[in-house]
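First, one chain by itself in structure tokens, the form predicted alone.
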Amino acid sequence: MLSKERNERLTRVGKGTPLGELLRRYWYPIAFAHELDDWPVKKVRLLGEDLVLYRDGSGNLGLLHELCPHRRASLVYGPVEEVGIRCGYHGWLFDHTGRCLEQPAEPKEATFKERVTTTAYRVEELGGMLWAYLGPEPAPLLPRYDVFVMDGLRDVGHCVLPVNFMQIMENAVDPTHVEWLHGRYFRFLQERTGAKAGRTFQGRHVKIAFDVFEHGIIKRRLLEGQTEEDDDWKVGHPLVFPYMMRVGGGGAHQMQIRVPIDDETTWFVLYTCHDPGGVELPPHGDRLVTYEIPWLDERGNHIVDYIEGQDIMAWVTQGRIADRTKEHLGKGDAGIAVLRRLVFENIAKVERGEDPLGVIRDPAKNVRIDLPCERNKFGAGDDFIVEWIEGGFARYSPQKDDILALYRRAQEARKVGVGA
């Protein structure tokens, strides 16, 4: 268990808090790029700060404090112009650097506008998403992790959850929950409702391990019937510090992204790139296929007959911020202890003026960052991917049938190749 003070240090993300200052050393997705094609302005909230995101007529991306420094009206409702965004209340115009360019009601010869600025943050586009950096300069590079830059059929489910992001991250270093929450519980549902998924998630864990590396923590598991040469142990998959997890198998490459909106709210994004290999990928444009994942039914109960819905139930029912003063951790919770220690160590690094874990400044190391990840997940082969799609969030995807058809073509192509 943690003391109340340590729990606060582990979970509070606001500006000036120990964790908040650590988190501000990283880039975060805040919107899908196509959202600004549909409408050039979007209200966003990140790390407890209310902001306005926009693309002006010159193509500049801007991210400013939401409230105009004049009379504190929201810039979200202002018009976007060729250079900058104008407050709808009195017409003050700001560019993407936060400079005030015009104050229509002031005398033309006045220099007042030159003494007024607003908070502005960096924004970049990668993988069809817009990313923000809220930390000090010089800014680190936006990491080009493999999932965001590789070829493939892209599919992105997402939802906003009323929970602190750290509860979700602790799940990322909790391997044994798979055999119970996604295995035994699925079997319970199957016995009573006919739910189809869960077969490949029922393997018993023999041992687990966690290795800190340059991008976070590698999580490894050995299941009953496996050897240490199997992918789940030999390769594993990483928690990408401090707020993502790289998973996948069978040709599906996924980054689970847990964006801290504020202390009690997280934007949960499941960004998947499908490429089973051996077959031509279907044509697709630059616009991501995105959709919201439902996690409550019409009665307000958790939807628990799919993998991520079960996870969401476990995270959210702990409360908006889990009371870790009342928990009882055992040896099976070793990964959680590793993660917490890593968080506190990197808070201390930032307090000493050092870069924390995973910050990238060398362009040569950022062309494409290939992260270790199992290919043959749970030793299930082709069965894994079908069950993962039909029993996971992708069942809500508008392109679910296209995704399944892609894998079936790849499986058939492999069968033909074997018999040739």
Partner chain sequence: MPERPELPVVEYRGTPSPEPNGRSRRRSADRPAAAPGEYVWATPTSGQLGVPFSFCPGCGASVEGPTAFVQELWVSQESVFHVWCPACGFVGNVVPVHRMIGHEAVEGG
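Quick caveat, the model's predicted, so the values are computed rather than measured. Numbering follows the first chain given and starts at 1.
Another form, the form predicted together with the partner chain, is not on view; read the next lines as being about it.
Asks: If the cut-off is 4.5 angstroms on heavy atoms, which of these, R86, H215, R340, K219, is the one near the partner chain in the predicted bound form?
Replies: By the 4.5 Å heavy-atom cutoff, the listed residue in contact is R340.
Asks: Since exactly one of F188, Y77, F344, W180 fits, which has a heavy atom within 4.5 Å of the partner chain in the predicted bound form?
Replies: Answer to the contact question: F344.
Asks: Using 4.5 Å between non-hydrogen atoms, is L101 touching the partner chain in the predicted bound form?
Replies: So L101 does not count as contacting the partner chain.
Asks: Indicate whether the partner chain has at least one heavy atom within 4.5 Å of a heavy atom of G330 in the predicted bound form.
Replies: Yes, G330 sits close enough to the partner chain in the predicted bound form that at least one of its heavy atoms falls within 4.5 Å.
Asks: Answer with yes or no whether T325 is in contact with the partner chain in the predicted bound form, where contact means some heavy atom within 4.5 Å.
Replies: Result yes; T325 sits at the interface with the partner chain in the predicted bound form.
Asks: Under a 4.5 Å heavy atom criterion, is V416 part of the interface with the partner chain in the predicted bound form?
Replies: Heavy-atom contact with the partner chain at 4.5 Å: absent for V416.
Asks: Between the partner chain and L2, R9 and A348, in the predicted bound form, does every residue show a non-hydrogen atom at 4.5 Å or closer?
Replies: Affirmative, all three are within 4.5 Å.
Asks: Which one of these stretches, 331-339, 227-235, 171-179, 120-128, sits within 4.5 Å of the partner chain in the predicted bound form when only heavy atoms are counted?
Replies: That would be stretch 331-339.
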